[in-house]
Every structure is written in structure tokens, then in C-alpha cells.
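The form predicted alone is given below as one chain in C-alpha cells.
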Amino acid sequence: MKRIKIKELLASPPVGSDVLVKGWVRTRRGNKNIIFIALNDGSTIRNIQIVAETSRFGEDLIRDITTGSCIAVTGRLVESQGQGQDVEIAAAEIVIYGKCDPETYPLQKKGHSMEFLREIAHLRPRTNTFSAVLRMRHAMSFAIHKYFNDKGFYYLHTPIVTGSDAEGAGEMFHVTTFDLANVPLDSNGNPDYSLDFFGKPANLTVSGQLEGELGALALGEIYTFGPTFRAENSNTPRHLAEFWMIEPEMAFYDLNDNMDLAEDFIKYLIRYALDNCSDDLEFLNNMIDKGLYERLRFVVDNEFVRMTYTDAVRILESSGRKWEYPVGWGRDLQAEHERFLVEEHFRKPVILTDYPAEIKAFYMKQNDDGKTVRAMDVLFPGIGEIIGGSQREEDYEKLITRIREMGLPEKDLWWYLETRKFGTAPHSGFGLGLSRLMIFMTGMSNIRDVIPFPRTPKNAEF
């Protein structure tokens, strides 16, 4: 008999038919005559109840069916007599694939703290919370690819190992084959990278954007979706050292086109979740964040407000609020400022534009005022900035002047600069961190809990 997934079984239950299910025992209860097993196979948040008459099975087998054990069950699907489920399986045959010692298995039927579950990240996907988060993460990843594919974008694989720093922040992980106990030095006493694998300093990428721009200036519209890395010593609920980024880049898009795409894209993803992840969203709304549905609807049901950074600062300064971080023109906005604009002042998602050049990256298109650049940040309730992007500077002279002003290594960016010499074009793009999106989509409060195996300072376990 062919196995049927529990999700499929519950979607259109073939009552009266014999079925085969396989999964992990969530709970077991009963008496000496009959036991009730809640079985889950990961395909859905919902369990199927197995009813087993103990007289039909050996005492040893019944004893080994414990929380966490893995079993296969063949039996008749019947209407349930109890509360909590419409159907159940009357077991005819049970096979134990893997026993689970109830004395040492850490996931017993009780509440566990998120901190504890991070210590057992190899087992936490078996909990309702993390199985829901991981199914949601899959759904969002699929929706991202579907959205861009349906719009005619091309998926571009940008390098993970790179010699450039897209953000100019310098917080990068170095890649080398040197024996760190015996690094070869040049005549000045510095590491001799000519002898290293790549013949030059190399790092893990912080962004696929610069290479993405090269693709856009040939293919028109591309997107990247892959891992990025920041060697930033930040132990906060909002930072990871390894995370996944989605970065579309589009030729012939100005800042307005960029904002239109960002708003349409993020609304599409939320609608996709509402339409396709109802069971998991319902669980997360009930158990993790009772305002989750409300915030999701808040985004899809409202047009985004668009305004300049300068006007936003003016609103913040005149709000009468006492801010933890000072507000003033030329200062970067913090989450408390962004959330005030979204949640209290406008009560709508907000896109801020035209930030001071001094607090933004070198590649952003300069405005005629000589002070601001055509940047845009999309601000959401609960988290603040969720998308950051800009129109890119296509003018060669302006770009190279900015690179020199910021003291960036011109020689390492020769290929990027050449695109401004050979058939340059207006173009734009933005970045969305998948983990930041997942925090918003799931109601989880810590970024470590929306990725299977988080990488943070002093932590590379699993």
C-alpha cells in the first residue's frame, strides 16, 4: 500500500478506506484496552489520531510507542467518535521505525522556551511552532520565485565568494586556504595574498547587488536569492551572521517604478500566505502573536504612504515624543521612529525616499540638490524597515567621485565602473531579507527562530 501524507488525508478523507500513514508520535494516551496516538508527519500542523486496541498488538510494541518515536500505521479511516477531529484511523498494523527514550527525549508534552529550543535546533522542527515556521519559509521562498518568474524576471546566481564589499561596511568574513598558524608574508610584513587560492583577498558576500546590476544591464530584469554574510558582532534579536536575501535589479526603472514593484511584491507574498498557509497562520496567530492576522491585513488592505526622509524627520521632530535615539536631519532613522510613522502617525505602511547621501551607500543615484540620494525604505508595523533600495547612479563621473570620497578601493570595482562607460542606463533595485520577512509573516520575535540553524556571534552549532 502506498503511503498517504496526513495533509492529503485530511483534505479529502477517504472514509471507509484502508490507508497507510507514517510519522512521529506527538502524544500517546489511553488505558490497558485502547490507546490513542497523535501522529504528525510534517506535512501539516494538524495530527491524525490513531486508535489502537491493545489486544491486537504485542505488549512490547505498545510500550515502545512513545512521544517522539517514528511509526508506520496501516488501518481503516473512520469517522471519529471523539472531539477534536473528524476522522481517525483504526489501526490494523503498526511498525516501529525508530524508538525514542522517554527519559531522555527533550520534547515532552509541555511548554518549552525559545531559548531552550535553540539549544536543540536539531529537534525543534518537530514542534508545532517550528514546523509551522519552516513550512511558511518554504511557501514564501516558492512565492518569491513564482512572483518574479511570472513577471518575466531572470534568476541570476551571483557569487558567494567575492573580492568586493557592496555596502562599503567592511564587516566581511575572509575566505582563505592559508594555514593561519603560518601565513606567508610579503616584504612589508603583510599576508601575501598572491600565494592564496584566489591570488587576492576574498570574502563571503554581503550582497549580490553589484553583480546583479551587471545582469540587469544585459537581461533587463533579474533577481538574486541566496545566502549573504555579515561579520557584525551584534547579539540582538534582529541580526544574523548568515541570512538569505532577495535582490531584484531592473534596467530602465526609476525610483517610482522601484517603489511600485516593492509594494506590489510584498503584498503578493502576504496574499500568497493568506491563501495557501491558513492552518499554519491560524496556529501562529493563536499561539505566538494574536495580532498576526491583523498586521497582515493592515499591509494588503492599505495603499503605502510615500514621502521624503526630510518630511519624515519634520514629523518626528514635531511629534512631542521623547525618543531613545535622537532625531535630526542627517541621522539614520531607528526602528522606534519608523514604527511611529507607520503605526501611529499614518496608520499605513510607509515608503521613505531621498535620504541624505552621507548615510547611504556609494551606488545610490545623487539628486540635484547635492545632499540627498534616490533611496527608498519600505516601513512595516512591528519591525520598521523591511525593504531597502534605490535608483542606482548610472553617471560614471558622479559614481567614481563618490567612490573616491568614501575611500573605497577603486581598483576592485573597475568592472562595476565599466558598465557606466559601455551603454549605461537608468536602473534600480532593492533588497528584502527573507528572515526579516519571516518575522513579520509569523509573529516570531527573534530572528534566530525563523531560520533552521541560526549563525550568530560565538554560535555555529549544528
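Nothing here was measured: the structure is a model prediction, and the numbers come from that model. Definition used throughout: the rigid core is the maximal C-alpha set that superposes within 1.5 Å between two forms. One-based numbering along the sequence shown.
The protein also exists as the form predicted in complex with the RNA; that form is not presented, and the subsequent description refers to it.
Stretch-level contact analysis of 178-186, 226-234, 266-274, 307-315 against the RNA in the predicted complex, using heavy atoms and a 4.5 Å limit, identifies 226-234.
Of the candidates Arg135, Arg126, His239, Lys348, His239 is the one whose heavy atoms come within 4.5 Å of the RNA in the predicted complex; the others do not. Here is the short version: of Ile387, Leu341, Leu281, Val73, the single residue with a heavy atom within 4.5 Å of the RNA in the predicted complex is Ile387.
Proximity of Pro159, Thr162 and Ser194 to the RNA in the predicted complex is absent: no residue of the three has a non-hydrogen atom within 4.5 angstroms. The RNA in the predicted complex comes within 4.5 Å of a heavy atom belonging to Glu103.
Although the partner is absent here, Gln108 is a contact residue: one of its heavy atoms lies within 4.5 angstroms of the RNA in the predicted complex. Proximity of Gly30 to the RNA in the predicted complex: non-hydrogen atoms within 4.5 Å are present. Residue contact with the RNA in the predicted complex: Glu358 places no heavy atom within 4.5 Å of it.
Applying a 4.5 Å heavy atom cutoff to the RNA in the predicted complex picks out Ser80 as the lone residue from 60-80. Glu282 is not among the residues whose C-alpha shifts by 2 Å or more between the shown form and the other one once the rigid core is aligned; its shift stays under 2 Å. After superposition on the rigid core, the Cα of Val78 moves by less than 2 Å between the shown form and the other one. If you fit the rigid core between the shown form and the other one, you'll see the Cα of Ala335 move by 2 angstroms or more.
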